[in-house]
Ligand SMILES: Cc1cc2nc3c(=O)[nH]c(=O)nc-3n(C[C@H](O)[C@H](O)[C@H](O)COP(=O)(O)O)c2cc1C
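Single chain ahead, by itself, as structure tokens, in the form predicted alone.
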């Protein structure tokens, strides 16, 4: 079963090679406006986006995001932010005080922001553009907050480089549905699906035919794949400073 929308979704691949052509303001507004049509909790719309087109500012963002060069080359960088500051203004207009110190408040805003960003991503791709999400926007959050002049109760969740692709996208395999889709209750037996996916990812060549020792068998080697790569990654502590910065921005996460 397929249609043009499903075809577009399945054709997605992160784009890190962009032409230098600028994006007209009307196109940027079209993308963000389409993003706004995403579902939002209680119609609160707890998000904002900073569209960065200035080359010098994009260079600063690239430096803060692991010096990823494609951020410099993309004509637009979207900084998608959770935003409860606007609701502070709404409450002030009506004589209320917003409750913001609980984890639920931050989760609502985070989900809202993720939904609007993904709507915008699909909209951009439908218009012939390429996109790449940038989680590294959280590498140096204090500096990013200062650069984007974000007020209290606004926090950058994810970045997105957008522009005309300089080459075709290369969609990667995804986990089998048998690992993701559970019927009536959680299926804990996922070994076969995970090994199938490991082989599919190795076949793409992205791991450059590397070898790694089989766990518990240091003298037996196997191909380095998604299983080893992913296990190594999630076994490391990353961005442990984020809670402190969130608290500085007014998100107490009680």
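Numbering follows the first chain given and starts at 1. Quantities reported herein were computed from a predicted structural model and do not represent experimental measurements.
Keep in mind that the form predicted in complex with the ligand is not shown, yet the notes after this line are about it.
Partner contact region in the model of the complex: 169 to 177, out of 98 to 106, 169 to 177, 85 to 93, 147 to 155, criterion any non-hydrogen atom within 4.5 Å of the ligand.
Interface membership of residue 76, defined by any non-hydrogen atom within 4.5 Å of the ligand in the model of the complex, is ruled out. Contact check for residue 230: every heavy atom lies farther than 4.5 Å from the ligand in the model of the complex.
When contacts are judged by a 4.5 Å heavy atom cut-off, residue 22 does not count as touching the ligand in the model of the complex. In the model of the complex, no heavy atom of residue 17 sits within 4.5 Å of the ligand. Of the residues in 55 to 84, those that come within 4.5 Å of the ligand in the model of the complex through at least one heavy atom are, in sequence order, 68, 70.
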